[in-house]
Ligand code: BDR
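Coming up is one lone chain in structure tokens, specifically the form predicted alone.
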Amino acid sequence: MTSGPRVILDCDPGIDDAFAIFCAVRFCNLVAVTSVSGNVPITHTTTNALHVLELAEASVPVFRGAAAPLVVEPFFADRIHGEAGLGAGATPPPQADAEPEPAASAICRLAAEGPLVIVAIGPLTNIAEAVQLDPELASRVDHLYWMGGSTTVGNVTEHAEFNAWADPHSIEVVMASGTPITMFGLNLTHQVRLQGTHVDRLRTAATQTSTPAAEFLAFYESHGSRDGRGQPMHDPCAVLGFTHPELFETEPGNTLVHLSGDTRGMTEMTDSPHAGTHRITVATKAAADDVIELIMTAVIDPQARS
């Protein structure tokens, strides 16, 4: 864990979330992790967050978050991440328990205690619930870095990325609150890929974190889309977009979130503001090789041992 702005990582582990947790432990002043229903149900995402932090030897509190989206029914990606979320089989029981305080309440409390950055790498349900608890939250959050959405095509439907499709109403609540947002969508994350050679490197490193991470990645490789380029490391991009902004190109944009119908979850970028749009920043390009090297470094040694 490093010095710098206090960071909450809001996540739904999920294999690429696990890699993002390792990155957050290595490169962020991580003060809390909040779990949310997303890739798998909330019981699994909470257990997985606790387990991955224990693998990383990180003493960071975990707050259990929303078990369902604001309006729509829950939707999971267990075909890609495994029934429990971290590949084949069940996650080993963690030694620690989640904190009793709900995630949305913890977000509000931590924001009130001083400057705070949120990196959200799942559906934005917890952040939306926090906004509903504290309408002034946007003024207390320095920035929200969100992995979600897309300026091009989707991965659940033609139009929608998973996190956006899973809870589009939460995106609308958070964007409408005025929270400063940088979006790391599929247009960006598909530039950052891990594949079999990275599995081999993690196995060869044989650390407490790289050995299980190699198996996570091998499962992800075998169950994700197969285009010969490896699997996108979606979630670490949002973490590293905060910690290493020099590796990413961004531009401002006006965004319209589609809440229902065939285009549900679409994050439509428009040339000019009009009713229903929100001004955000959009990540457009990554220095992929450098980003991948940071991910691998963090997964092999999240505590930065010499």
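Each residue number is its position in the shown sequence, starting from 1. Keep in mind it's a predicted model, so treat the numbers as computed, not measured.
Keep in mind the form predicted together with this ligand is missing from the figure; the text below concerns it.
A heavy atom within 4.5 Å of this ligand in the model of the complex is found for exactly one of Ala106, Val174, Leu186, Val141: Leu186. Of the residues given (Ile121, Ala213, Ile118, Leu86), Ile121 alone sits with a heavy atom within 4.5 Å of this ligand in the model of the complex.
Contact annotation: this ligand lies within 4.5 Å of heavy atoms from the stretch 157-165 in the model of the complex, the single such stretch among 202-210, 157-165, 175-183, 133-141. With a 4.5 Å cutoff on heavy atoms, Ala77 counts as touching this ligand in the model of the complex. Heavy atoms of Ile127 never reach within 4.5 Å of this ligand in the model of the complex, leaving it off the interface.
Using a 4.5 angstroms threshold between heavy atoms, Asn39 counts as touching this ligand in the model of the complex. Residues of 276-304 placing a heavy atom within 4.5 Å of this ligand in the model of the complex: none.
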